[in-house]
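A single chain, nothing else alongside it, follows as structure tokens in the form predicted on its own.
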Amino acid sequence: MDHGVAFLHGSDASFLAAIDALDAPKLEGWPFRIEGRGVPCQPDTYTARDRRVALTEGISSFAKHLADGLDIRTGVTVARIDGERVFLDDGASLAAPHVVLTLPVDPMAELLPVLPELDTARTILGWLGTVPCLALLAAYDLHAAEPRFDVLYPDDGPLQVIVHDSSKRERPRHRVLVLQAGVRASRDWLATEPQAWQALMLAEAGRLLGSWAASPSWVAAHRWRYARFPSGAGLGAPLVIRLAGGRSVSLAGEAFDAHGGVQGAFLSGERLARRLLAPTH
């Protein structure tokens, strides 16, 4: 289940080429059935120039495709970055003369090394900020009522979007809805126990879709503390801070692109790569 980004969309040729290079089943144009007058988190999602693509094996297949051939270490927590070394929480460290941070800006600021050269970058990060999102994955028997939408943007209430996740799967074993709370509700409920906001979100689903939606077979709750960067509020380019001895610390990601979203994060990383790989004079 995709409990964050539900589909990819964009208009940049490089981004779309990367999607096309992914050897995995795709649903062009999904979501096909869009209901509600609520505003998507990316307001330009459904403009005529944007192409939409759902990945039936899940959005993570795109990241795995981009990571192919790279030395990726999962399940590792970075405790701090100091000088030319990255220290892990198990006491080990890695030599890293060039560090690239692509985290959400809040944890990025926490990991930024304490160096005079990075004072301006730290100030910039202080101006920025992410918004949270509470997500609830709800599964129902396939005999349950089938929603007539792929994505619903409620006109009002605490939910920003309801995604009919199973409508993009080839052989779903359950009817699956992904409920995502809006910014205000997510902030209000973020510190509360999941059982509390889970009940509120299911009640709202029942109000919008019918009583069946309030009684799933099973649910899973997820807190996105740093879900996304507000659309249109980002910087225009990634930052590269050159340090003594030829070292560098670079900042990239969704917040370092004017438009944000997955496409913005991709383009930010691509621009940063070109800068880092360019010959210096």
Partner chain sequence: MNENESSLEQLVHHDATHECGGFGAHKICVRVVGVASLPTRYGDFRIVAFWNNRDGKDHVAIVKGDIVGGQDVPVRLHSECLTGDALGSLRCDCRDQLEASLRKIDELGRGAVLYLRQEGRGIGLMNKVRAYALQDRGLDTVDANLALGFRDDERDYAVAAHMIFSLKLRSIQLMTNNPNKLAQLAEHGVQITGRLPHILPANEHNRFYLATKGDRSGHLGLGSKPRLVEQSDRVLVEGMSTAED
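Residue numbers count along the first chain shown, from 1. On a predicted model such as this, the values are computed, not experimentally measured, just so you know.
The same protein also has a form predicted in complex with the partner chain, omitted here; what follows describes it.
Taking a 4.5 Å heavy atom cutoff to the partner chain in the predicted complex, the contact residue among I59, A237, I34, A220 is A237.
Distance criterion of 4.5 Å from any heavy atom to the partner chain in the predicted complex singles out I124 from the list A203, I124, L190, A96. Between 151 to 159, 116 to 124, 194 to 202, 79 to 87, the stretch whose residues reach within 4.5 angstroms of the partner chain in the predicted complex through a non-hydrogen atom is 116 to 124. Remark: V178 does not count among the residues lining the partner chain in the predicted complex, judged by a heavy atom distance of 4.5 Å or less.
The shortest heavy atom separation between A233 and the partner chain in the predicted complex is within 4.5 Å. The closest non-hydrogen atom of L128 lies within 4.5 Å of the partner chain in the predicted complex.
In the predicted complex, just one residue of 37 to 52 lies within 4.5 Å of the partner chain by at least one heavy atom: R49.
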